[in-house]
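There is one chain below, alone, in structure tokens, taken in the form predicted on its own.
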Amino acid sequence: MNTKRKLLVLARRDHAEAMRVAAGLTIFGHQVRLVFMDRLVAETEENAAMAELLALSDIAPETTVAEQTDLAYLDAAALGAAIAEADGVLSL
């Protein structure tokens, strides 16, 4: 039985917490995608520290915020496909 899952973390309200959770889920071997939503990711010390965790976890975050030009952009159709492909979705 394969217990590794494809998980999608939607960072809606708390970007730093979503990054922490996404990185933590990789400990169990899950494939994790992280999508920032709602607004630009703030340049804070907390977010910078969590971004380092993402890099160590091999998670390349994506975004639905068109103004966040340093990340891969997902339009509504691509976000829908990501949700459909996931075994589980977490919204933080």
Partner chain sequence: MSIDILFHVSHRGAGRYLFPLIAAARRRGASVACFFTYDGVLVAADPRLKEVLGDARAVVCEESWHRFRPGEPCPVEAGSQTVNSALMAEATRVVSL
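Numbering follows the first chain given and starts at 1. For clarity, every value in this text was computed on a predicted model and none was experimentally measured.
The form predicted together with its partner chain exists for this protein as well; it is not shown, and the discussion that follows is about that form.
Enquirer: Is there a heavy atom of Ile27 no more than 4.5 Å from a heavy atom of its partner chain in the predicted complex?
Expert: Yes, Ile27 is a contact residue.
Enquirer: Closest heavy atom of Leu74 to its partner chain in the predicted complex, within 4.5 Å or not?
Expert: Outside the cut-off, so no.
Enquirer: So in the predicted complex, does Asp70 come within 4.5 Å of its partner chain, heavy atom to heavy atom?
Expert: Heavy-atom contact with its partner chain at 4.5 Å: absent for Asp70.
Enquirer: Just checking whether Val21 would be counted as a contact of its partner chain in the predicted complex - the rule being heavy atoms within 4.5 angstroms.
Expert: Looking in the predicted complex, residue contacts with its partner chain include Val21, since a heavy atom lies within 4.5 Å.
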